[in-house]
Structure formats: structure tokens, C-alpha cells
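Given as C-alpha cells, the chain that follows is alone and in the form predicted on its own.
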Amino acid sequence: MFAAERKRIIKKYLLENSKAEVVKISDILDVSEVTVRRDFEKLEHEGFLIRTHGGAILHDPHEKTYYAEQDMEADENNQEIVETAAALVKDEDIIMLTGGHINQLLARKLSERQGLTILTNDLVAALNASAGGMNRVICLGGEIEQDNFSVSGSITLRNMQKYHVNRVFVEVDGISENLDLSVSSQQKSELIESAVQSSDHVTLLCNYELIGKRAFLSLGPITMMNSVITNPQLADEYKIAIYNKNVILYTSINAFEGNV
């Protein structure tokens, strides 16, 4: 069955029932649950439904939703990073998401889970994570940065220092050819440094195209991170270099590379 026909059947079912379970739709369409989840994800991007834990509900156009504009254009490379990151999150984990588009997507993915505690300074990530209503979401507070929908400053840092998390997912703005990390502002640098100190495990999320670029402010070497999640397209020379620095490297949801 073609994707367009599956989507038509899913839409018809939701219009008649207002909600749908992945297992039920999988049986109706005679396809895997993974395929159904992907169809739900595409229909969510179209604004037709809202994904929930184990299913989806029909989107009410009169209710206000909060998703970054870039989410509608998210490519498969970022989605693969998100799937891999979500697989590392354990039930009842306390995690921190720093500001960034991939973390906004990850927050939406984690809204399908339950029992997590999610800290973030990213306003879009906070709203995305709370969409399912089954996790505890803590927005760190502080001064709003209008250009990237996040909060920063002394209040944010003080609040971050109150918590200890199992894992922090970090995004940066540049990674040099020598694998040094850089960010766009002092505020972002300070928050990441504080989050690193408050976490058991630090994971860098980055599209492979970011490597070889530099941002305004040096953050530190990639060895600040315990692990890196990126795309399989990453050049072999960088894969080897990351491995040699004793940093775990994940390049897909199905194939983990490095010291796993």
C-alpha cells in the first residue's frame, strides 16, 4: 500500500474516531508499527494530528500549538539523530536539553514517553516536551532571547546549578576540523559548562555538516562530551578521530560505533 493511501485511511479513521492507537492502525493497514509512527509523524507535520504516547489524536485547529517553524522542514538526517538520542533515554531519567533545533525535535519525540523529568532553557523544547502531558517539564527561567526562543543569564545558571541530571543533550554552533567546539554567545557557553558539571553523561547532538565550521566563541575540545550522535555520512577520518579521543560515537539508531 502506498503512503498516500495509508495517510488517507488514517485521516478517515481519525475524523470518525478522534483518536487512534498505533497498534490498531497497524492491524488495519497490515503494516509495521514503525511505519504507522512515521505516517503519524508526517501527518503531525501537516497539522492534521497530534502524536501521543502509543497513538495520536485529531488536531483541533482552535487549540494553539507551539512548534518551531523549522520543525516543518526537518530533514531525515536530524530525525535519525533524534531517534538515536531518544533510544538512549531510560524510563524515569532526569535529562537536560540545551537550546537548539535538534533538541526541540527531541523534546517532541520524548513527549510520547512518560515518567521523565526534562529540564531545558529552550522555550520551544519545553512546550514540545509537555505536549503529551505525561512528563515533568522544567523550564529553567531567565531572560528571554527573542532570536532563538530560549532563556539565559544569571537566573538560568543559578537554576541549572540546583539540579543533577542523568544525561544532558548539548547542541553547539561549530565544530572545527580539530574537533574543538564553539558557540555563538557567552551565555550559551556558560549554560553548557554548567549543564556539563551537573550531569552524569554528556551527549553532543550535531548534524555531520556542522563539522569544519567555527562559531564566535570557543567552548572546548570534543572530549568535554562522553558521546556524540551524528549522521552516517560523517567522513571516516572524523569517525576515527572521535573514536581515538575515547568519545563514544553513534551514527544511526541501528548501528552504534565506538566504545559502546
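Counting begins at 1, following the sequence as shown. Source: prediction; values computed, not measured. Heads up, when I say rigid core I mean the largest set of C-alphas that superpose within 1.5 Å between the two forms.
Quick note: we don't show the form predicted in complex with the DNA, though the next part is all about it.
*Asks:* Which of Arg37, Arg214, His201, His45 has a heavy atom within 4.5 Å of the DNA in the predicted bound form?
*Replies:* Only one option qualifies, and that one is Arg37.
*Asks:* Given that the DNA is left out here, which of Asn231, Asn226, Ser218, Thr52 has a heavy atom within 4.5 Å of it in the predicted bound form?
*Replies:* Selected option: Thr52.
*Asks:* When the DNA is placed as it is in the predicted bound form, which of 201-209, 22-30, 187-195, 231-239 ends up with heavy atoms within 4.5 Å of it?
*Replies:* Among the listed stretches, the partner-contacting one is 22-30.
*Asks:* Is there a C-alpha shift of 2 Å or more at Ala20 between the shown form and the other one once the rigid core is superposed?
*Replies:* Yes, the C-alpha position differs by at least 2 Å between the shown form and the other one.
*Asks:* Superposing on the rigid core, does the Cα of Leu234 end up 2 Å or more away between the shown form and the other one?
*Replies:* Where the cores coincide, Leu234 shows only a C-alpha shift between the shown form and the other one that is less than 2 Å.
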